[in-house]
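Next up is one chain by itself, shown in structure tokens, the form predicted on its own.
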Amino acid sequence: MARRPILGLFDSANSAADAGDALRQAGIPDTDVDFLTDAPYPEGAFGEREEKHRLYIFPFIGGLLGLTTGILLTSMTQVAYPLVTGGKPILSLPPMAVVTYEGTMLGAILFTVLGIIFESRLPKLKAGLYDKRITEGYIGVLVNTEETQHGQVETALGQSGAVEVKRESGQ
């Protein structure tokens, strides 16, 4: 069965929160419900689930890759082109430390940017169901469910005070 979105538009935050409660009571999982607003509300203001993120992993992996690359680059260069100067060791740690530090920071920064893009789910190639009135102050409750639950979802949104309930075009 195909999953299709339904968008309920609300003119107040309280009625949008009531819609979230009504959907939860109707048996719609929290993972199928998203709240769309034009203003930053505190996390959990609508009773929504806490989003899990893994952003902290990206700079850690980037830093490790940068560190490894820095060590390999400096040590392999010094071994490939040995330049003995006054009996000093070929692998000199102070110059290696500078390049290794810079490689670590570069890797961590680049992977942090990639992590932000990934965790933000960008780019979104397919535009979903949306209404321009959300940018004017309305609050959207977007529900992605099976078509068999659409009547139940529309009833829950309507009883919670939805100004309008929209389906995907072509239905």
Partner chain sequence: MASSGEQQHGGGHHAGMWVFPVAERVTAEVTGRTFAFPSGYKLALGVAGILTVLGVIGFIIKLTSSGFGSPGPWGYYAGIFSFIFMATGAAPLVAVAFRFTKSHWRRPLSRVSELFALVGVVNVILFIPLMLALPPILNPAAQGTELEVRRTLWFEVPIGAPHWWDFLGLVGLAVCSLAILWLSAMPDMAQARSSATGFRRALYGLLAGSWYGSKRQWIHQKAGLAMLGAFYFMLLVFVQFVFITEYAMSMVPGWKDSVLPPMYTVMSFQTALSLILVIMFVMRRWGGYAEYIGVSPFWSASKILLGLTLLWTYHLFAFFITYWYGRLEFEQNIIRYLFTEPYLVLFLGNFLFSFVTPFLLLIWNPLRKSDWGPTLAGCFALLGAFLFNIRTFTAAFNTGDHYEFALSRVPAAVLPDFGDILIILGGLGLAALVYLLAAKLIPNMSIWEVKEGAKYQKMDTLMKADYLVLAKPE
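Positions refer to the first chain, counted from 1. Fair warning: this is a prediction, and the values are worked out from it, not measured in the lab.
Keep in mind that the form predicted together with the partner chain is not shown, yet the notes after this line are about it.
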{"query": "Contact label in the model of the complex: D32 to the partner chain, heavy atom within 4.5 Å", "finding": "no"}
{"query": "The partner chain contact at G44 in the model of the complex, heavy atom, 4.5 Å", "finding": "yes"}
{"query": "Contact label in the model of the complex: T112 to the partner chain, heavy atom within 4.5 Å", "finding": "yes"}
{"query": "The partner chain contact in the model of the complex: G128, any heavy atom under 4.5 Å", "finding": "yes"}
{"query": "Interface residues of 105 to 121 toward the partner chain, as seen in the model of the complex [heavy atoms, 4.5 Å]", "finding": "M105, L106, A108, I109, L110, T112, V113, I116, I117, E119, S120, R121"}
